[in-house]
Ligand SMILES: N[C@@H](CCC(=O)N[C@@H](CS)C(=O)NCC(=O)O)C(=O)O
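Next comes just one chain, in C-alpha cells: the form predicted on its own.
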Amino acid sequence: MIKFYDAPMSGNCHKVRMLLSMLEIPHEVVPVSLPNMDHKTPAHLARNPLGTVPVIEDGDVVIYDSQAILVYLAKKHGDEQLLPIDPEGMALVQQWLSYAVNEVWNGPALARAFLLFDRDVDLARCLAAAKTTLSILDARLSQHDWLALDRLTIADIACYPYAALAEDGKISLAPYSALQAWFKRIEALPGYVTMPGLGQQPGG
C-alpha cells in the first residue's frame, strides 16, 4: 500500500490527495507537521533531501514533488485520459504542470504562504505575479472547460489548489468568472476532496 506523507494545509499535498481519491487508490496517510518541523527530521530527509512534502512511498519507489507524484499515479493507476501518451497531449499537459510549479507557486501560493505561514517573500511582487497568473488561467478557461485538453487531466489537478486558495493570500477571485466556473467543475467531480479554504464536498 502507498504511504502518503501529507501536511493538511499544503496545497501541494492536496493535489496528491485529490488524485488518490479520484482514482480510488488505497493508501496510508502519514501526517507531517510543518510547524513541528517534521519535514526536516533525518527520517524525512532520507526520503526527500529537499525536506518538503508531499512524498509517497510505493514499495521501494519513493517519489517527491507533487507534479512528479501526479505523473506517477496517473501513469500507474489511471489511463490516458488523465495523462495522454501521444506527444502533443503529453506536452500540453506538461505545459500546465510547469505553470503550476512556476507561475502559480510564485504568485498566489507564495502570497498565501506569506500571510498564513509568515514566509519570507516579497509580497508586492507575489501579488503582482498572482494577478498575471490568474488572468492567464481565466483567459484560457474562458475558451476551454479544462486547461490542457478537452477533458480533465492532471494539469487541472496541479493548478487547482493554489489558484482556488488565492483568497487566503488576500487576492480577490471576483474578477475571474471563468476561473470560478472551473473551480466548480472540479469540485463536482467524483472523488473530489476538500481542505480548509476550498470548495466543499458536492452535496455538503
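What you see is a predicted model; the values in this text were computed from it and never measured. Don't overthink the numbering: it's just position in the shown sequence, from 1.
The same protein also exists as the form predicted in complex with this ligand; that form is not shown, yet it is the one meant from here on.
**Q** Only one of 58, 65, 145, 138 comes within 4.5 Å of this ligand in the predicted bound form by heavy atoms, so just point that one out.
**A** When this ligand is considered in the predicted bound form, the option within 4.5 Å is 65.
**Q** What is the one choice in 34, 152, 30, 178 with a heavy atom within 4.5 Å of this ligand in the predicted bound form?
**A** Comparing distances to this ligand in the predicted bound form, the residue within 4.5 Å is 34.
**Q** Hey, in the predicted bound form, does residue 119 get a heavy atom within 4.5 angstroms of this ligand?
**A** It does: once this ligand is placed as it appears in the predicted bound form, residue 119 has a heavy atom within 4.5 Å of it.
**Q** Though only this chain appears here, would residue 72 touch this ligand in the predicted bound form if you measure heavy atom gaps against 4.5 Å?
**A** Residue 72: no, not in contact with this ligand in the predicted bound form.
**Q** Does this ligand get within 4.5 angstroms of any non-hydrogen atom of residue 115 in the predicted bound form?
**A** Outside the cut-off, so no.
**Q** Residue-level contact is defined here as any heavy atom of the residue lying within 4.5 Å of this ligand in the predicted bound form; does residue 90 satisfy this criterion?
**A** Contact with this ligand, no.
**Q** Kindly indicate whether 78, 182 and 185 are, all three, within 4.5 angstroms of this ligand in the predicted bound form, using heavy atoms.
**A** No residue of the spot touches this ligand in the predicted bound form.
**Q** Between 41-70 and this ligand in the predicted bound form, list the residues on our side with a heavy atom within 4.5 Å.
**A** Heavy-atom contacts within 4.5 Å come from 51, 52, 53, 54, 65, 66, 67.
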